[in-house]
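First comes one chain, alone, set out as structure tokens in the form predicted alone.
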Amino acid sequence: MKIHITYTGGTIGMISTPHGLTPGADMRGWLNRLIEGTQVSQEQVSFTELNPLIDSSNATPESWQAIIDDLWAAHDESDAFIVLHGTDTMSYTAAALSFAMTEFGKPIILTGSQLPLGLIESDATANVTGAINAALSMEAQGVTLFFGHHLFSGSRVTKNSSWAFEAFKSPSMSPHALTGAPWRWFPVTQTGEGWPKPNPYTRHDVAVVDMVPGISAARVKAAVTPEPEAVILRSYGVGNIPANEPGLVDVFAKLIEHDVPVIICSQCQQAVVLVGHYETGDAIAQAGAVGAEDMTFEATYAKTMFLLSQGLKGKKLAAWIPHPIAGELTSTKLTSTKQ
């Protein structure tokens, strides 16, 4: 088996400088020492390093596309792929790759670490060897994320902690695997239509608005002026907003009237959005907002960016939100909406 590793930057390869941690470790040399004496030979592993390396807090949709391009460039020569990535936006990238790589046909595993590889207490070795083991197993499918002894679906994961070694979790789906002697693999059912020959990711204007007690219509209107291409509304619970706040629903209704999709996700990490289930969500449901079902926020954002990059807007984009592309939500709705 041949494994291709794409190194994008992130804490795993950072070194200390007078201005804080920055990419600079000899990642290739460290990887060679890591596998020396194991069942994996250096000849089995190819390696590319994106230029420039970035802290994942600086990631953009163009960064997602650079990773995608590198993976496709190595597709024919390798059997499995590992992406070394910073933790801050790893779950966004995992979701973005999930939507764009449904035709890739080979496993892609993202990982990184909470501490740089040069520290004795680092989790870098455990996470990278775990990702390699997942690749060798031939059990991993599609885009996954390995971290803290768990292998998660790439379209279902969220960062849960800035310090714990188990930094990620999958709120609405069981992990694919748990490390041990031997590993434990769990049956995972994911549905999705896929997306043949997607356009590259490009940057788009997506406004994210959080509901908080006391928020005013004027503040929300200011946040969506000028009108963006789409709005993601992070609501309470199953899709509730302060509907009694004067003029608040009208702001969102006007956006929808102007063919700007309003997508409602929940501030709860584990939730199924049921727009209109409560009276406080009914008015915005009647206005035409669409719920994100049980998608994570990261998947909701990446999916919106993906659909915009495919040229979808307004109602056509909104129609795709409840339809799974890459197992990102629990649904049986598989009627094509590409027309």
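Heads up: residue numbers just count along the shown sequence, starting at 1. What you are looking at is a predicted structure, and each value in this text was computed from that prediction instead of being measured.
Although not depicted, the form predicted in complex with aspartic acid (ASP) is the subject of the following passage.
Engineer: Can you work out whether residue 139 and aspartic acid (ASP) are in contact in the predicted bound form, taking contact to mean some heavy atom pair no more than 4.5 Å apart?
Structural biologist: Looking in the predicted bound form, residue contacts with aspartic acid (ASP) do not include residue 139, since no heavy atom lies within 4.5 Å.
Engineer: Would residue 57 count as touching aspartic acid (ASP) in the predicted bound form under a 4.5 Å heavy atom rule?
Structural biologist: Residue-level check for residue 57: yes, a contact with aspartic acid (ASP).
Engineer: Taking aspartic acid (ASP) as it sits in the predicted bound form, is residue 14 in contact with it (heavy atom to heavy atom, 4.5 Å or less)?
Structural biologist: Result yes; residue 14 sits at the interface with aspartic acid (ASP) in the predicted bound form.
Engineer: Check whether residue 130 has any heavy atom within 4.5 Å of a heavy atom of aspartic acid (ASP) in the predicted bound form, and answer yes or no.
Structural biologist: Close contact is absent here: in the predicted bound form, residue 130 is far from aspartic acid (ASP), nothing within 4.5 Å, heavy atoms only.
Engineer: Ok, 250, 88, 245, 193: which has a heavy atom sitting within 4.5 Å of aspartic acid (ASP) in the predicted bound form?
Structural biologist: Among 250, 88, 245, 193, a heavy atom within 4.5 Å of aspartic acid (ASP) in the predicted bound form occurs only for 88.
Engineer: Exactly one residue in 113, 93, 240, 170 has a non-hydrogen atom within 4.5 Å of aspartic acid (ASP) in the predicted bound form; which is it?
Structural biologist: Of the candidates 113, 93, 240, 170, 113 is the one lying within 4.5 Å of aspartic acid (ASP) in the predicted bound form.
Engineer: Choose one stretch from 211 to 219, 172 to 180, 80 to 88, 102 to 110: the one whose residues place a heavy atom within 4.5 angstroms of aspartic acid (ASP) in the predicted bound form.
Structural biologist: Result for this chain: 80 to 88.
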